[in-house]
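Before any questions on binding or motion, here is one chain by itself as structure tokens, the form predicted alone.
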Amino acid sequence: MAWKTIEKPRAWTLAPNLLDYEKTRETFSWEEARRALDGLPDGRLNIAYEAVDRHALGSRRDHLALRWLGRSGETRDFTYGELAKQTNRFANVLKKLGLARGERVFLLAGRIPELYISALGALKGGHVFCPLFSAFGPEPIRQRISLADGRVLVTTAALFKRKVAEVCASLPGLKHILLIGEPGEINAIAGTHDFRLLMAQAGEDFAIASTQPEDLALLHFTSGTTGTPKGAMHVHEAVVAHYMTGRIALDFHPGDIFWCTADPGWVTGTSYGIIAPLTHGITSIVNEADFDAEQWYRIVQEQRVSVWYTAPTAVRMMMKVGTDVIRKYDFSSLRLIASVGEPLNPEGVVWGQKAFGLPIHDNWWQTETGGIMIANYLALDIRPGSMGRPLPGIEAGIVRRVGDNAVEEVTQPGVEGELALRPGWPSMFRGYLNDEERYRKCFIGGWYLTGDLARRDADGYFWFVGRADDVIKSSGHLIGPFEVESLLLEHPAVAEAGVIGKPDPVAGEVVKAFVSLKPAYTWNDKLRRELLGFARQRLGAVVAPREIDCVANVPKTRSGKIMRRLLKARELGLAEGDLSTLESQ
């Protein structure tokens, strides 16, 4: 699709950290980036020290680190000094429980302060932080704790009763369950500990673990299409990338108020909801409540949010509500809006400009990369629909597989292939838990193969086409579902769209689309024909959908990725596979 480039601002009240992209790429080194952090003696490194203690021991001790907004209207503030004390307490709790270095601590909770304190306290003790979605059911919880041989689980009394109690007997390695809640309800649950009581009894001083840069720190589970989840392993060295990408891609400055809407149950909520902003010593907003457009706008206004990091799903939901409600709020504090989860449709980028006076800056990365790899920057023009350009220190390319164990790089602009990265950045995953063979298959010919199909234009901007297993092969043509979905979102009736390839005896596959509608529209045959014609006129007969159905909601993961394989399974009556990350079930 042809979209007019959105030009960068010609003047800033605060100059971006990245002003000269080409010069920065030429001079950047990860070794130099590491020197921006304090580190521990003898070349050691600990994520929690860089995120909390180095600020608490310095001039930002009394600076607000976290402001928690409860769903019932309450607020709790934590300065860096207070956060250091609370995380020390939790590290001491784990020490008293006898937890050894490197053992796994699982967190199953909504966005409450105890989750953030526990994550950082576990890292201080040299343990491994393993987040779980609070929306997981009992089986996904059991499966992940079992795969990682989890020793400690921190959760709420309510979640324990609903989701954990029935699987405890099948987790003999889980030695300690710490419950957050009222003393009465916790005391009634045998074999568990009262989190708040243990915290009250623990000391506020802790000698932080002297962890090596390559010591395991984070374990993020990511679902495949079928089978068991993959446990992507990240080390303390990842904090170098968390810090640097926060500086360059999200443009963190010392006075920023930052709001990452992601749940720490998935990687964005950990890398950019906890670690990156804290390493910069800025203030993070944590909102416990679920999405509500008007409440979100109120938060931006009242908290004076300057950098806002959200997901394409949330952008599309805001678009669905419309812009009338936006006019009631003041967004003058905002300097940058960014999005991640699944590539942001061009219409969403442009809508941000109309709604907030700022385009939405898309960026790309994966659980496996640990941090942002490709981004749209404040100082560069945005090409709506593009992921942007690689971060300094990241070499990205387009490759094609040649046989089973070789690839060739595609150098011509505009040619589709698999997005690949040269290994070596600090937050690159170090393996899949207990699956070395699967990990090795990710690397061929000196590249990490992402599994995403993309193309690169003549100016070095990368454009998402689709997951390799999502691409539709119709009458000899390769069709990326993202392009079709983006076009359908341009129609005023469409709130969300998901596209699959449906088997066809003649064409091999034909394009089928599923849409959900904005509130003012009703599904009927007239609208269906209108959408088919709209797509055919804009995309051409080969690429446009042959069929369109209306659904109440397009299925997505909680990280905002459209679950096309689920749409396809339901359409064809196939097994639905792992649904543990489905947004709602």
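Bear in mind the structure is a predicted one, so any value in this text is a computation, not a measurement. All residue numbers are counted from 1 along the displayed sequence.
What follows is about the form predicted in complex with adenosine monophosphate, which we do not show.
So in the model of the complex, does residue 343 come within 4.5 Å of adenosine monophosphate, heavy atom to heavy atom?
Yes, residue 343 is a contact residue.
is_contact(residue 452, adenosine monophosphate) in the model of the complex, heavy atom dist at most 4.5 Å:
Residue 452 belongs to the contact set for adenosine monophosphate.
State yes or no: in the model of the complex, is some non-hydrogen atom of residue 496 no more than 4.5 angstroms from a non-hydrogen atom of adenosine monophosphate?
Heavy-atom contact with adenosine monophosphate at 4.5 Å: absent for residue 496.
Close approach of residue 467 to adenosine monophosphate in the model of the complex, 4.5 Å, heavy atom:
Contact check for residue 467: yes, within 4.5 Å of adenosine monophosphate in the model of the complex.
Can you pick out, from 367, 134, 310, 284, the residue that has a heavy atom within 4.5 Å of adenosine monophosphate in the model of the complex?
That would be 367.
Have a look at 487, 241, 274, 387 for me and say which one sits with a heavy atom within 4.5 Å of adenosine monophosphate in the model of the complex.
That would be 387.
Among 248-256, 333-341, 350-358, 317-325, which stretch has residues whose heavy atoms lie within 4.5 Å of adenosine monophosphate in the model of the complex?
Of the stretches listed, the one contacting the partner is 333-341.
Each of 222, 363 and 473 within 4.5 Å of adenosine monophosphate in the model of the complex, by any heavy atom, yes or no?
Each of the three qualifies.
Taking adenosine monophosphate in the model of the complex, which residues along 266-297 bring a heavy atom to within 4.5 Å of it?
Residues within 4.5 Å: 266, 267.
Closer or farther: C-alpha pair residue 450/residue 542 in the model of the complex, relative to this form, given a change of 3 Å or more
It is closer: the C-alpha separation of residue 450 and residue 542 falls by at least 3 Å in the model of the complex.
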